[in-house]
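Here we start with a single chain on its own, the form predicted alone, put down as C-alpha cells.
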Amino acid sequence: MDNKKHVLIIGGGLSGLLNACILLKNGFKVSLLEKHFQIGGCLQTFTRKGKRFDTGMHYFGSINKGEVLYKIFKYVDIIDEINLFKIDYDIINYKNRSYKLMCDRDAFINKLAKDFPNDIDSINKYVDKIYEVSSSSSMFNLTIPKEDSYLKEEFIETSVYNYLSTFVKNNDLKNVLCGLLPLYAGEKEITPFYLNAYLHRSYLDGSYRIIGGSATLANALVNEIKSMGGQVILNANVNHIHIKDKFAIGVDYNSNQYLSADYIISTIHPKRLFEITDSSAFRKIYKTRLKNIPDTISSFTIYLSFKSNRVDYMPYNYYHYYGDEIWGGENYTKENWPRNFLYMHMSDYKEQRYANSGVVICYMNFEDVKEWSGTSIGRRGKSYEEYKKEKAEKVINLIDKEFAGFKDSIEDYYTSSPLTYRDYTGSENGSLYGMHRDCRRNLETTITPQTKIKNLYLSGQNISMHGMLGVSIGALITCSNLVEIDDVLDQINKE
C-alpha cells in the first residue's frame, strides 16, 4: 500500500517542474497537470523549417559552479543535461552610443569607468549595493533566514530610478545602469531597486544561453520527474479545484476526469486560480487585492530565420533605446512604437560562426490586440495577420538601420503578439513577468505561497520573483511548506 502523500501540481512551467522534482526527492507522490501539449511554459521552443526558436527564457545567470542555479539544478540531477554558451556582455545602445555591460564584476566596473571617467565612485557604489542586496537575501544564498538577514526597506520601498538618483548624478550613467530593464519590465517610479539588483547581480559572474534551446531544460526535468515515479499529464486543463472544510481535496480536469490529492500547488496566475475554485474559497478582500495588482507589459516578438552563412553570430544581447532616456517604453503611440527593442541570437552549438535564427522583442500593450482577444491561435483572421506584418516590417526596417544588411539576410520570419503569449503560457493578458512589484505598495503587491486553504499553495513567477532565478528560488520557498527546508538546503549546499 502506497502511504506517500500525493501532491498535485497545476502548471508545467519551470516552477511546476522544479516543485515536482524537489518533492519527489523528499518522499512525496507527485502528479503534474499541464494544459498544453508541450511542457515548459516559458521554456517552450518551436521549430520552423529546421530553425529553432526560444519563446521565453533566452539567457540567464547564477549558473557557474557553486552559484544558486548551479546548486539547485545539480540537486535535481539535471546540471549535466544542459549545455551552455557563455555571453561576455550586453550592449546598451542609448542616445546613438553603445555601452558594454560586462558579465564580470571587475570588467563591468573597468569598462564603465572608461565610458564615464568622472563617475567611478558612482559605478563602484552601484556594484557594492547590488552585492549588498544579494548578500542580504537568505534564499539567494540558499541559507536559513536569520533575524538580521532581511532586505533593508530602502531597497524594497524605493524605485530603481529614485534609489540610483541618491548617488548617481550623471543621468546617462543612470540610464545605462538600468539598461537591462526589459528583463523585468521596469517602470520609472514603480519598480523597486531590489529587482534590478538581484537580476544584475545574477549576471555579474557570467550569463549564458542554453545550447539547443530552453526546452532541453524542461525535457531534462520531465525525464527526472518520470525517473522518480512522478506523473506528467499533458493536455490536462484543470476546470475546478474541489474544496471541503477549508481543504483542497482534488481537481476536475478536461471536464470529466477527477484526481484527488493531499496537497495542491498552483503555478498559474492567481487571477486564473480564482476562476477554478468556489467563490467562497477565498475571502473577498484577498481576491480584490490580487485582482487590483496590475500586470507587467506584454510583447510583440519577431522570430528571425537567417539565410545560410549571412549573419555573424552575436555572442551578446543588444538593447536599443530611442529618445533621451530608457524609461517609458510602455507609453508609446502608434507613430513612435517601438521605443525600445531587444535583439538576440539563438545558440545552436558551442563554436558558432554564423547565426541560424534570432529573436527581436518589443514592448506591446494588450490593448493593441484586444479586438482579436476572443479568437484562438491560428484562427484570428486576415486583419490580425496584416497587423502583425505591418508591425514586423516596421521593426525590421529599424534594425536594418543599426545593422547593415540585416533585412537582406532574413530568409523567413514569424511573429507573436500578447495574444500568442497569453494563450501559450496562461499569463494574464500575455504579461511578460506576471504581476508588478510596486515599491509604493510593497505589502499590497507581495504574494506569499500560503493561502487560507490550508493545503493549497502558490508558486511561479507571481510569487517571490520572475525569471529563471526567481522562479527556482520561489519553488524552494513553496516546497518549504511541505518539507524540512533546512534539510533540503543542507543537501543542496553539499552538492
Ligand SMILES: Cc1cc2nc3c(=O)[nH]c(=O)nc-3n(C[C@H](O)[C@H](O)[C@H](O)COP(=O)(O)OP(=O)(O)OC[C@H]3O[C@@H](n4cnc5c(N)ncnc54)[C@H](O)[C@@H]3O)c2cc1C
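Start at 1 and count along the sequence shown; that's the residue number. In this text, all values refer to a predicted model and were calculated from it rather than measured experimentally.
FYI, the form predicted together with this ligand isn't displayed, but the following is about it.
Taking a 4.5 Å heavy atom cutoff to this ligand in the predicted bound form, the contact residue among His436, Arg52, His58, Lys29 is His58.
Stretch-level contact analysis of 421-429, 115-123, 72-80, 307-315 against this ligand in the predicted bound form, using heavy atoms and a 4.5 Å limit, identifies 421-429. Gly11 belongs to the set of residues with a heavy atom inside 4.5 Å of this ligand in the predicted bound form. The closest non-hydrogen atom of Cys42 lies within 4.5 Å of this ligand in the predicted bound form. Under a 4.5 angstroms non-hydrogen atom cutoff, this ligand in the predicted bound form has Val471 among its neighbouring residues.
In the predicted bound form, this ligand stays beyond 4.5 Å of every heavy atom belonging to Ile326. Residues of 456-472 placing a heavy atom within 4.5 Å of this ligand in the predicted bound form, in sequence order: Gly460, Gln461, His466, Gly467, Met468, Val471.
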